[in-house]
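Okay, here we've got a single chain as structure tokens, the form predicted on its own, with questions on binding and movement later.
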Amino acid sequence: MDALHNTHAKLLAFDFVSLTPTASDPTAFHRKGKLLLTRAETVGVITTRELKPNKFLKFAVDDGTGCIPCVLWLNHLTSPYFSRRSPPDVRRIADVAARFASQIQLGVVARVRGRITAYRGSVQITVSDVIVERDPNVEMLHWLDCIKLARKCYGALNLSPHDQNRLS
């Protein structure tokens, strides 16, 4: 099985929600036994938003093939995980996360990247960065990238030779 550790794989929601954790590495996920993934990137419309101040922001990204659940952690200043880091670094990380949270609003088109994680049996993206997209074509370009990468790199699509020629 090939691996794309620490590479943000561009995925559509229908592929993302079919990922399953691997038995050998709980931080890696695969689809139908092919290609280990640890990070993902998606583009779509923010359709849900649930904010727990100073804890987290849960939201969903709808790319037209389904919704990808995402979580953006906002507890950097109180989390013991960050207690070993220097306070100025933690403050910067917290400020960036707060800025991302303010940009995630219902109806905006956003590019979201982060780690693939599982929570209560479902896969989600634990967000590392967010970019609000202003170009209306960005969703379609993301779709085309996903299809091309799935066929050529990820080995995830089973297309007929006719469809393969059309997408080349």
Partner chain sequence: MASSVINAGALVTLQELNSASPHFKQGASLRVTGKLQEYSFENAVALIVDGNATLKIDTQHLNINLRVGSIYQFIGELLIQPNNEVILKARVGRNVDGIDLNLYHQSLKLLREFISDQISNTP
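Residue numbers count along the first chain shown, from 1. These figures come from a predicted structure and were not determined experimentally.
Same protein, other form: the form predicted together with the partner chain, not shown, and the subject of what follows.
Contact check for 45, 56 and 60: all three have a heavy atom within 4.5 Å of the partner chain in the model of the complex. Within 4.5 Å of some heavy atom of the partner chain in the model of the complex lies at least one heavy atom of residue 69. Mapping the unseen interface onto this chain, residue 65 counts among the residues with a heavy atom inside 4.5 Å of the partner chain in the model of the complex.
Of the heavy atoms in residue 132, none are within 4.5 Å of the partner chain in the model of the complex.
Although the partner is absent from this view, residue 31 contacts the partner chain in the model of the complex, with a non-hydrogen atom inside 4.5 angstroms. Heavy atoms closer than or equal to 4.5 Å to the partner chain in the model of the complex belong, across 96-121, to the residues 106, 107, 109, 119, ordered by sequence position.
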